[in-house]
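Listed next as structure tokens is one chain, alone, in the form predicted on its own.
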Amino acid sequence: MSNDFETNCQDADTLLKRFRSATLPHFINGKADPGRSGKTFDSLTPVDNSIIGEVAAGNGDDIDAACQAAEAAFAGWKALPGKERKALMHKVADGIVARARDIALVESYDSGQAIRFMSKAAIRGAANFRFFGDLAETARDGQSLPADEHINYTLRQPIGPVGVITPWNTPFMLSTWKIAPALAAGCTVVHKPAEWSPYTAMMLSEIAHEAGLPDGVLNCVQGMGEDAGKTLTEHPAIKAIAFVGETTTGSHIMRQGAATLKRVHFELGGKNPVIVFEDADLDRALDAVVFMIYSLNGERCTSSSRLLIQESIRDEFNEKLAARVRNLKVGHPLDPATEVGPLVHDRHFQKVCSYFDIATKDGAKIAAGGKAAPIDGKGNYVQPTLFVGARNDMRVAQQEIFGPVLTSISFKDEAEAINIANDIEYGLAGYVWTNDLSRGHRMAHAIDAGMIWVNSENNRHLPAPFGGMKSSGIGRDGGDYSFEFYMETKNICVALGTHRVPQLGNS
């Protein structure tokens, strides 16, 4: 065990003593709130499935209190000049940076994500607050649309209190990705984090409060989706719901919000293709293929979980790929050497492991991995896995496994690659590797996905639109695209006094 590993474990244990000593509360109207039901649930670490601590199980009354706080705070936050919102958001970013190591250690132990990735997640969260904070001053700007005898101009105003429901994978970064643009737009927020990774949501609420965010502007209610989440999506004070998570849950939220005409923004599932042509830089492509499915335990919506490999290079590429997969370091998430940590929860672990049998039953071959890999008989660890000889109609090619599992499918030519890539219910992302620039553009146009990377892994540019097609989501995040969701656009038409007004009843 390295000294860094020992230090990480000691520091994490010190931080977690706080969560073990008392029930994790909600954060409502500027203060910690124990909740109204007295009910709790256990939060477990996937390292060995031991209990980290108890968490308050929010119910409808807790959500109602948070929604009332957000509603009461909305008028003041909306009226605050964008320059002042910007300054507060930069203070939040400063607070995140100051506690970045604490956030990374807690989230790594709570979610099972390797510390090598979580150490960057908190910094990315700070970057989200700075980026959208900088846009707060111009978020309400519109367009000048002159006509012959009228002047039209547009402006935008915040939609109102919004609900943000975030997932258990990279929860801190993804919560800032949703909450920061909402605050920059002038909305107040009720945040319901995933019950499988609750701790850093509370840390974000505390950091925001310490930075001077007014009471009620950011509220956090812990709890289960079927209780706290459902109440949030149905609450009349909430004007919009931003959700990141599984596709089926997204459809439930849409139904629940229909009665109050909720605006919805969904970032949902994916079964994203990475297409490698024979003329690609195969060394770089191999690096990207490995990184985009086995980093973050494969628990990421944009992971390239289907490898489409051209027949002429299939065997050689798959052989090199299998060797890399077998060499991946599975271990404790707080160990700096770990590349793949434990899956977030036993229920998810069992789901991922079930696909090992499913693959062989459907006719695919396991070229690497394919087994659970507990450490000292404990934890939600699996071997990084590669299926080869697969067809696109197999369940391992069609269903989102959401783990360190890659399915390799061969294709003959460009047309077949496009057909395979699009023969799926999802449409979040796609990756193309080729040194033929014209082909790269053709493929990018032809693939039915919201985001395409050519000769690159997932490289995020904050002003660029982020979102999917088909069952992968509704709406776009990023830059000004985020404000289209969190704001209403208003048109104002002013006459120049020269046009003829129609007359009725003038005899």
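Just so you know, these numbers come straight off a predicted model, no measurement behind them. One rule holds for the numbers: they count along the sequence shown, beginning at 1.
Not pictured, yet referred to below: the form predicted together with nicotinamide-adenine-dinucleotide.
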**Report entry** nicotinamide-adenine-dinucleotide contact in the model of the complex: S472, any heavy atom under 4.5 Å
**Finding:** yes
Query raised in the report: Is E226 close enough to touch nicotinamide-adenine-dinucleotide in the model of the complex, meaning at least one heavy atom pair within 4.5 Å?
Result: yes
Requested in this report: Mark Y431 yes when one of its heavy atoms lies within 4.5 Å of a heavy atom of nicotinamide-adenine-dinucleotide in the model of the complex, and no otherwise.
Outcome: no
Requested in this report: Indicate whether N169 is a 4.5 Å heavy atom neighbour of nicotinamide-adenine-dinucleotide in the model of the complex.
Outcome: yes
Query raised in the report: Thinking of I96, E107 and G125 as one candidate spot, does nicotinamide-adenine-dinucleotide come within 4.5 Å of a heavy atom in every one of them in the model of the complex?
Result: no
Query raised in the report: With nicotinamide-adenine-dinucleotide left out of view, which of F402, Y294, F74, F317 would have a heavy atom within 4.5 Å of it in the model of the complex?
Result: F402
Report summary line: The listed residue (L213, L174, I207, I115) that reaches within 4.5 Å of nicotinamide-adenine-dinucleotide in the model of the complex by any heavy atom is L174
Report task. Choose one stretch from 115 to 123, 161 to 169, 144 to 152, 318 to 326: the one whose residues place a heavy atom within 4.5 angstroms of nicotinamide-adenine-dinucleotide in the model of the complex. Result -> 161 to 169
**Report entry** Contacts with nicotinamide-adenine-dinucleotide in the model of the complex - residues in 235 to 252 whose heavy atoms fall within 4.5 Å
**Finding:** F243, V244, G245, E246, T249, H252
